[in-house]
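Starting off, we have a lone chain in the form predicted on its own, written out as structure tokens.
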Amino acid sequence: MTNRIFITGIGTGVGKTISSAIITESLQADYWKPVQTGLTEGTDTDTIKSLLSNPVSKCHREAYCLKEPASPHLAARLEGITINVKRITEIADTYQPANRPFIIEGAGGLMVPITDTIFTIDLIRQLKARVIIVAGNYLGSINHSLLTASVLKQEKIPVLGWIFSGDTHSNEDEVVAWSGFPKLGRIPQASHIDKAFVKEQAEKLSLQLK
């Protein structure tokens, strides 16, 4: 098993990038987002860079940067680009740190299409990564959480556990119990997210991750 952790979400906008920053900081890992869409809003890599404090972590350049804020397969199609998943896995091998974890952030959830035939869950398998699931609390989040857990179990992909973000809700304990995956931590709702916030949350998370 490679020392790779893939960060996926139960959907879009559940706190995946902030969670990635906190996990990267906690483990002094390297960070990579293979496919970035929605370039008009900036890149998640730039966000991560601005939030890390440790002198060790490196944020690696994306394999594909696409303008449209859409699924990778659609954004690539609109730009006339073909995403090559083999190229992504080859780049991952060159970026992989020798003695530290490698945090890889996905786009959206497990069934987001990377190409017309390859989905995020297929990419996770090819990268030989373990998974951390990021979940928010909203109407429908139990269903999205348990569907995500079910697919990972069905595909026999190793899962480290859950990170919950945003407002606290009793659903968290039930999702943990029903899924069988442990709760690694939670990231509270914050009006301002900066290096100090990320460092504080990273320290809280470090025992669970290590």
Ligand SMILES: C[C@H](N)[C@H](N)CCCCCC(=O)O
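It should be emphasised that the depicted structure is a prediction, and the values quoted were computed from it without experimental measurement. Start at 1 with the first residue shown and count on from there.
Omitted here: the form predicted in complex with the named molecule. The next part is about that form.
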Residue 127: touches the named molecule in the predicted bound form, heavy atom cutoff 4.5 angstroms: no
Heavy atom of residue 112 within 4.5 Å of the named molecule in the predicted bound form: yes
Exercise: residue 37 in contact with the named molecule in the predicted bound form, heavy atom 4.5 Å: yes
4.5 angstroms heavy atom contact with the named molecule in the predicted bound form for residue 146: no
In the predicted bound form, segment of 146 to 154, 65 to 73, 171 to 179, 52 to 60 with a heavy atom within 4.5 Å of the named molecule: 65 to 73
Among the candidates 107, 92, 131, 123, the residue which, in the predicted bound form, approaches the named molecule to within 4.5 Å (heavy atoms): 107
